[in-house]
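Each of the two blocks below gives one form of the same protein chain as structure tokens; they are labelled structure 1 and structure 2.
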Structure 1
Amino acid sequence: MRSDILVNAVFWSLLTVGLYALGKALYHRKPTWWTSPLLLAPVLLIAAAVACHQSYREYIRGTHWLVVLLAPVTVAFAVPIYEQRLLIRKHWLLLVAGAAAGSATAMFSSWALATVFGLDGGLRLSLLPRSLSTPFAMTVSGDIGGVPTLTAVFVVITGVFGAVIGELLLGVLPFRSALARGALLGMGAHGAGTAKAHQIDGEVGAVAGLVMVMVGVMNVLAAPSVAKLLQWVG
């Protein structure tokens, strides 16, 4: 039994890392939204899981260590934030207001979508923190009665599509300042958006990282109260 679990963990871990590396190589050769490793790797993993008749529970049991690594990766975003501290100090009030507005919009829109599609119970609560980076989201999900591993799936989906749509929006909307571009990606696509922002510019990436962390902290503090309020209203 233990050997089966170990083989399962090694197989899915290697496949996950390998498909992500493949996605990065393809994206380097042809940088388009559909070759993004954040989109391509999950799609191929889902196809592999379906072909192997593996459930998400079995997959995450073998690759949970990759999720754990997200915590120190999130902390690492503090380095570029520190490097851009003068910009952040100058616009801190605007950043706080934007992060608060984005957090409220994300939580209420998640609740509204769950209501429209008839989701309730743990599934609805698991969806609520979808716009946070995974370490924050899983903490919030557990505190409000959701399923943290299910929340992680919603977070990945939000991040992947948020980064893709955010990149497209930056090409259409008249956002030219690092503040606006970084806030859009950091709020709309958390970690994936911040990684995309760093590809654009270091200053844009620093703002995105700061907004991502601010939104995470705000939601950790506010989500339990907001969840009770929404349950009472809905």
Structure 2
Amino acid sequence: MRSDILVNAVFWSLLTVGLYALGKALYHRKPTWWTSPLLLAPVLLIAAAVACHQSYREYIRGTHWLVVLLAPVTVAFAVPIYEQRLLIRKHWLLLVAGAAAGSATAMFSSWALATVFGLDGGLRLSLLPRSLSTPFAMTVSGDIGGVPTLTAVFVVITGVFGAVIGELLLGVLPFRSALARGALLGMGAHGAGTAKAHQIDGEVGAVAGLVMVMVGVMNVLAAPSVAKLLQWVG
């Protein structure tokens, strides 16, 4: 039984890393939105999991160590932020303004759109903090009366689609400064957007990473006030 669990963990870990590597190689050859490693690898994995009757609980038990590595990735953001310290020190107020505007838009548009589509209660509240990176989003979700585990799923969906949407938007919108481009990806698609930003350019990546962290902290601090506002709205 124990060896079963081990075999299972090794198999799904290898498959996850393998499909990611395959996706990355394919993206390198043909960089379009559907070959993005964050879209192709999960789709193939879900297909494999469904084919093998693998539940999420069993899958994540073997591959949780990969998710844990997101924590040192967050620590690693210190390096690009430090490297771009001159740009950031010069324009930090702009980034705060963009992050505040983006956060307000995220909360308000999610709430309004959810209402339009007839989603309400805990589901609607769980959608509000989905632009933040996972640990922040789950904290805010709990504070405002959402379901943190549901928010975690929405965060991932936002990352997968946000990275793709962000790249498409950057292609058609006239934003040229690294500040605007980085903030677009870091605010709109948290870590996945930041990874995309680092593929574009080191400067854009540093801005995206900083904005992602800034937005997370700002939202956690604002969450109690947002909760009061939501109670008042009903």
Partner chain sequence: MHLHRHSISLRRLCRTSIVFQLLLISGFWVAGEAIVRVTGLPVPGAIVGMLIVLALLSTGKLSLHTVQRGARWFLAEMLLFFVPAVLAVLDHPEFLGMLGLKILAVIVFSTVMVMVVTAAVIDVCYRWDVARKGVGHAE
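What we label the rigid core is the largest C-alpha set whose atoms superpose within 1.5 Å from one form to the other. Counting starts at 1 and follows the sequence of structure 1. Small disclaimer: the values here were computed from a predicted structure and weren't measured.
- Each of the two structures shows the same chain on its own, and it is structure 1 that derives from the form predicted alone.
- For Ala114, the Cα coordinates differ by 2 angstroms or more between structure 1 and structure 2 after the core has been superposed.
- Taking 2 Å as the criterion, Val217 counts as shifted between structure 1 and structure 2: its C-alpha moves by at least this amount when the rigid core is aligned.
- Once the cores line up, the CA of Ala163 ends up less than 2 angstroms apart between structure 1 and structure 2.
- Superposed on the rigid core, the forms differ at Val140: its CA is offset by 5.7 Å between structure 1 and structure 2.
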